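This document opens with one chain alone, in structure tokens, the form predicted on its own.
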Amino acid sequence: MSITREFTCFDLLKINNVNLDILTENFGLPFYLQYLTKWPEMFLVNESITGRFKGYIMAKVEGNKENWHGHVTCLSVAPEFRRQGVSRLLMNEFEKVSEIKNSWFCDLFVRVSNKIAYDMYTKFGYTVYRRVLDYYTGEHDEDAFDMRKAMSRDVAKKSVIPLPHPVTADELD
């Protein structure tokens, strides 16, 4: 049993069980607050009935014209709650809001080496639109897959036709 609701600023004090995972990106306080103020309906938490965080999604809408889309910045589930449908639940809510906001597609970036996440998003209907060279930087630079799923507005599914070649991060639109 759990509840999904909009994230609040007080929730920043309770996300350690999710954020301390090695695969979860961590951001500075201003970054989280920007999402809370600009896209509160797309920054969601799923918590147990005892108040323990199961996972959260931080997303936004951006772009213009046929590039108007929902974008997942971060989706993370605490290790003890994985493989229980929390990611699917959070992604469903994100996609519903993206539809309401009239998005052409939804997208997200995933590390090329993260086969578990890649397989999960594939099950959710996402496909690789393009490979982004050296998208993740740090101790070991790594490419990302830009994965997309067309929304109902894109009847012809033009937004998900894969690019035939990789791009660099500075070529992202």
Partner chain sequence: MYRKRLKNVYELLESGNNKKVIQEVDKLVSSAANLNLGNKKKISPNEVGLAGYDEQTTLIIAKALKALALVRVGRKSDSDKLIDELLDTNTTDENVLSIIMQYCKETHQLSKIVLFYENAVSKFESDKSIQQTKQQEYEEILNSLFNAYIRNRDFKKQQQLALKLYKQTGKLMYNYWNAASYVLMSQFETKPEQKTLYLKLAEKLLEKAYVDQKMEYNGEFQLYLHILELLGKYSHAQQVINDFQQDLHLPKIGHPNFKFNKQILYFKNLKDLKNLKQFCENYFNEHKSANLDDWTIYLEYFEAIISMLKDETSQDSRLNLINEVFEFLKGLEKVKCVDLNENENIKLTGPCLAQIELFNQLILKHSFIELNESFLNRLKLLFLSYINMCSGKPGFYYEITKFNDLIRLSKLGDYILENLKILNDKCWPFTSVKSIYTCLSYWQMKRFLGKQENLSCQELVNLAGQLEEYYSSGLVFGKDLLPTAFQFVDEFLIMAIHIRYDVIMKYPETKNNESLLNLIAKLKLGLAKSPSNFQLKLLLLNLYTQLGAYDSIKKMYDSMEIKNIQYYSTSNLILFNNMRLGSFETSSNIYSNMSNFFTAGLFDLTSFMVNCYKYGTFLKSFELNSFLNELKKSLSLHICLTNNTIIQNFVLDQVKLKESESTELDLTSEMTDLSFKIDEFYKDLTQLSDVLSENGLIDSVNEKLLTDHSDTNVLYDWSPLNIREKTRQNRSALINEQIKLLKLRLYLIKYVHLFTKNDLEKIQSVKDELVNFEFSSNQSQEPDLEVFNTYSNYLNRFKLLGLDKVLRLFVNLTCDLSKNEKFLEKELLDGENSKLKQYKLDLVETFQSIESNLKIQIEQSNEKSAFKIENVNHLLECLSSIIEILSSLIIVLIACLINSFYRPIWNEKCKKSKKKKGPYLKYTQSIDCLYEMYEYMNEFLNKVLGNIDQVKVMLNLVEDSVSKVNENFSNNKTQIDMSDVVQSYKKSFDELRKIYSAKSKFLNRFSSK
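Residue numbers count along the first chain shown, from 1. Just so we're clear, the structure is a prediction, and the values are computed from it rather than from any experiment.
As for the form predicted in complex with the partner chain, it is not shown, yet the points below apply to it.
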Should residue 151 be classed as touching the partner chain in the predicted complex when contacts are defined as heavy atoms within 4.5 Å? no
Can residue 140 be called a contact residue for the partner chain in the predicted complex at 4.5 Å between heavy atoms? no
Against the partner chain in the predicted complex, would residue 27 count as a contact residue? Criterion: heavy atoms within 4.5 Å. yes
Does the partner chain get within 4.5 angstroms of any non-hydrogen atom of residue 34 in the predicted complex? yes
When you measure heavy atoms, are 3, 10 and 13 every one within 4.5 angstroms of the partner chain in the predicted complex? yes
Select from 33-65 the residues with a non-hydrogen atom within 4.5 Å of the partner chain in the predicted complex and write them out in sequence order. 33, 34, 36, 37, 38, 40, 41, 44, 48, 49, 50, 52, 54
